[in-house]
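A lone chain, given as C-alpha cells: the form predicted on its own.
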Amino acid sequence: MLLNINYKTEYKIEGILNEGYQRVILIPKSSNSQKIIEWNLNIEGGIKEINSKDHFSNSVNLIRMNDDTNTINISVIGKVETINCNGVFNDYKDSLPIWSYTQQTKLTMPGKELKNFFKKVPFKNDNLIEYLHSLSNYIRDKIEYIPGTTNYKTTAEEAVKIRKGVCQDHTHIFLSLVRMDNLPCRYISGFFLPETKNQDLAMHAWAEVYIDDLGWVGFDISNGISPDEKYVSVAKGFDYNDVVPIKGVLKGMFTEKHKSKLSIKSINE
C-alpha cells in the first residue's frame, strides 16, 4: 500500500520570545514493513541546527527558533510504501540490550490499581502470542477510549484507576502488565490509516513485544489488532516520553497556543 502523509503543527506566540529550541522526532526509517519513498521535514520560524540519532536509533532534529518569530510551523510531507508483515517487525536495531525493555518507567510503573488489575486478568496459557492478544483485548474492554480524559502526563496507574484513556494510555497499561511478566516491550509512535473516513486524525501509539526466535511483535491495543499495511512507525522508546514528536524549551514572556492537523490517504484509493 502507498500512503501519503501530511502532518502539521502550528505554534502561535503572543509576547516576547528571547530564545527557543525544539527537539523534533518525526522522521521514520525504512524497515521490513515500510519503505520511505519521500519524506520532507519543513520548518517555518526556525532553523534546523543538528540532526542525530538517539539511543533508540530514532532520527532527532534540533530546531532553533528565530528570536523575532510569532508563528512556528513544523510539518512533514511524505510518501511511504507499506507491507503487511503479520505484526512481526525486524526493524533497524538500536544500541540497547533487549533486557533493558523489561524495566518499568515513570509512566508505566505499577501501583496498587495496576497490580490489582493484573491479578484479575482471567486467562493464562502456554501460547504467548494468544495470551498477549487476549491481554490487549482485555485492556481495550476494561479501559474505555474517551479523548480528553487524560493527557501526556497521565500514568498507566492513573488511567487504570479512572478506567478511561486514549491510545497512549492503552499502550502504557499494556507495557506495564507485560513488563510484570518480565517480557521486553516498547512504545511505538507513528501514523495509522483508519477505516472510518473524514474523522479527526492524530499520531497514534501501539506496543511491540520481543519474542525469542520471532522478533518484535506489534499490538495495537486501542484497535484490537496487530499493525498491518495501514501503519507507519516513526519512533520507539520505553514510553511516550522517549518519542514525543515535538518537545522543547522556550524562554521569554509570552503565551503559547498550538494546533495540529494530520491527513493520511491511500494512493490506491
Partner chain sequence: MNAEIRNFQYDESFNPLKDYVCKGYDEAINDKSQIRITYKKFLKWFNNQNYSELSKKDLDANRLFKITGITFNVYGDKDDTEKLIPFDMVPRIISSLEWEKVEKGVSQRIRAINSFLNDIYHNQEIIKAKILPLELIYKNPAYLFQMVGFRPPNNIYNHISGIDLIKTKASEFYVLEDNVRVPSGISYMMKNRDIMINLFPELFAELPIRNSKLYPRNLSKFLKKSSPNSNIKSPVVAVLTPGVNNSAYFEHSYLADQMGVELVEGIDLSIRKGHLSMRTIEGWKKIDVLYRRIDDEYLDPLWFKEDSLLGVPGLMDVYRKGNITIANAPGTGIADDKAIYSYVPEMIKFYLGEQPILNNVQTFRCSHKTELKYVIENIDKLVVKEVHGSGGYGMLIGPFSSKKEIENFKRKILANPKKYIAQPTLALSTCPVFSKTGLVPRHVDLRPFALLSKDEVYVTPGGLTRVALKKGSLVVNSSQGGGTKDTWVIDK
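Because the structure is predicted, anything quoted here is derived from the model rather than measured. Positions refer to the first chain, counted from 1.
Keep in mind that the form predicted in complex with its partner chain is missing from the display, and what follows is about it.
Using a 4.5 angstroms cut-off on non-hydrogen atoms, would L214 count as touching its partner chain in the model of the complex? Taking the distances in the model of the complex, the answer for L214 is no, it never comes within 4.5 Å of its partner chain.
S95, heavy atom within 4.5 angstroms of its partner chain in the model of the complex: S95: contacts its partner chain in the model of the complex.
Contact with its partner chain in the model of the complex for L62, defined as at least one heavy atom pair within 4.5 Å: yes or no? Yes, L62 lies within 4.5 Å of its partner chain in the model of the complex.
Would you classify E14 as touching its partner chain in the model of the complex, given a 4.5 Å non-hydrogen atom cut-off? E14: no, not in contact with its partner chain in the model of the complex.
Stretch in contact, per heavy atom within 4.5 angstroms of its partner chain in the model of the complex, of 200 to 208, 27 to 35, 224 to 232, 48 to 56: Stretch with heavy atoms near the partner: 48 to 56.
If the cut-off is 4.5 angstroms on heavy atoms, which of these, T102, N73, N84, N137, is the one near its partner chain in the model of the complex? Only one option qualifies, and that one is T102.
For a quick check, can you give me the residues of 5 to 40 that have a heavy atom within 4.5 Å of its partner chain in the model of the complex? The stretch touches the partner through E19, Y21, R23.
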